[in-house]
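In structure tokens, the next block holds one chain alone, the form predicted alone.
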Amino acid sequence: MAESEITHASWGMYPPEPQHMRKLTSRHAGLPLTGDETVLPYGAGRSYGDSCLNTGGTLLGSAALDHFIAFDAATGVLTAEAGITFATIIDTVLPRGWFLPVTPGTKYLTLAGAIANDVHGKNHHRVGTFGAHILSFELLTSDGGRRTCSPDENADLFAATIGGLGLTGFITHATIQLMPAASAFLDGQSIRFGNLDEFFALAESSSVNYDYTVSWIDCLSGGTSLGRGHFLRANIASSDLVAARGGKTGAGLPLSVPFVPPVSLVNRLTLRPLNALYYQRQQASVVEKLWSYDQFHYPLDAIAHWNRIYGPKGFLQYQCVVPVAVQREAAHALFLEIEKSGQGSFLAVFKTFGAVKSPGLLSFPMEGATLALDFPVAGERTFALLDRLDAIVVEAGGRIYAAKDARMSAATFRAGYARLDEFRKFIDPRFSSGFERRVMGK
């Protein structure tokens, strides 16, 4: 087993704590446990906070477990090892007419990581979370057991592991149901809207005819323009439409942030003009678009190491969801609090979740509105702002996404996840994380 020390183990580069890693080389081997150490599965490190960190313990790296096991091109049923990335899956299945049923905003996450965080995408209002499309997986536990988990076999452990943040054991491989894809493109519209009322009207009308919806928000706009932004809605394009409009999947010039600047490039001096310019970049109210799947789903993946722009202190990604019954009032309160603070985010994503039930005990989505933002770590004022946002979310009956958190309190976590006590029973005694110790009291 190869071992190494890594400094920044999460994508947000916060907290910047050294991590000890032991890399697994075969899905057939047992867990490499020594002494009384705690362990935690580690995939591609695309979680933003400490749910993928185990300071004082050991990370079990899955990067070498990146093989396909079986793929039925007629049915779209795929079995693959834990460490295979969405990027590798797409490269193999999309030319054969299939795509991932659900994908978050990066394709550089692992299959097991997608299960452990029960990731969601721009089509949640139609198909729910990634966990809803898992047929089965094998879970390796610290007692040496190998358990096949599915909706019909070890169903309770299946539900605990989906969204279970890697705490129930080590997923060695999984079988998923892919979705048909007529092309590698999405056909739709980019719509400029002027405030939150216009957003909710678009979200409601678009959910009927569009599989994918999402919006970018200028979270520093105020007054009658509070919550203005661009609304994107799309469906997978037919091959005939792509041919007629000359769609191309060219990757373009490779971009990368080559080093970590001494200070964050996202700050009070740059945010307001950047947000205003980005909002104004589209002059027409509605623009017809044909996106490649990379352009629509993974725009940030085009810039390698984009997380470095936040400087040596890193950044905190904050994602919350508030229930549908109070989503308008809660969203207004959240945006107003952010605008007043002056600590806006350039990467502000806002959309609505649908009513499809998430399968995991700790799954994040609920029917309502979800907001995701990036804040450079700027000392106590950043944490104080996020505490105020937490208070709004908790009062509304919402919750914070664990995969993107590095600072919420145990009380906030408990308030948002009613099935926490039920989940605790399935935590493997040798598995732990910084997140678990911080919010679950271990």
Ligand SMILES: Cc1cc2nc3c(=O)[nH]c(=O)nc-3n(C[C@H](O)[C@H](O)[C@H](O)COP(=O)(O)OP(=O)(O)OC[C@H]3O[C@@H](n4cnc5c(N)ncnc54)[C@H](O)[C@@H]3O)c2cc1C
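Predicted, not measured: the structure shown is a model, and the values here were computed from it. Just count from 1 along the sequence shown to find any residue number.
One more form of this protein exists, namely the form predicted together with the ligand; it is left out here, but the text below deals with it.
- In the model of the complex, none of the heavy atoms of Gly398 sits within 4.5 Å of a heavy atom of the ligand.
- When the ligand is considered in the model of the complex, Thr110 lines it closely, a heavy atom lying within 4.5 Å.
- Leu362 falls outside the set of residues with a heavy atom inside 4.5 Å of the ligand in the model of the complex.
- Contact check for Cys320: no non-hydrogen atom falls within 4.5 Å of the ligand in the model of the complex.
- Of the stretches 66-74, 385-393, 34-42, 410-418, only 34-42 has residues with a heavy atom within 4.5 Å of the ligand in the model of the complex.
- The three residues Trp11, Thr106 and Ala114 all sit with a heavy atom within 4.5 Å of the ligand in the model of the complex.
- Checked against the ligand in the model of the complex, the residues Ile338, Ala159, Ala82, Ile134 give one hit for a heavy atom within 4.5 Å, which is Ala82.
- Contacts of stretch 162-176 with the ligand in the model of the complex, defined by any heavy atom lying within 4.5 Å, are made by Leu165, Gly166, Gly169, Phe170, Ile171, listed in sequence order.
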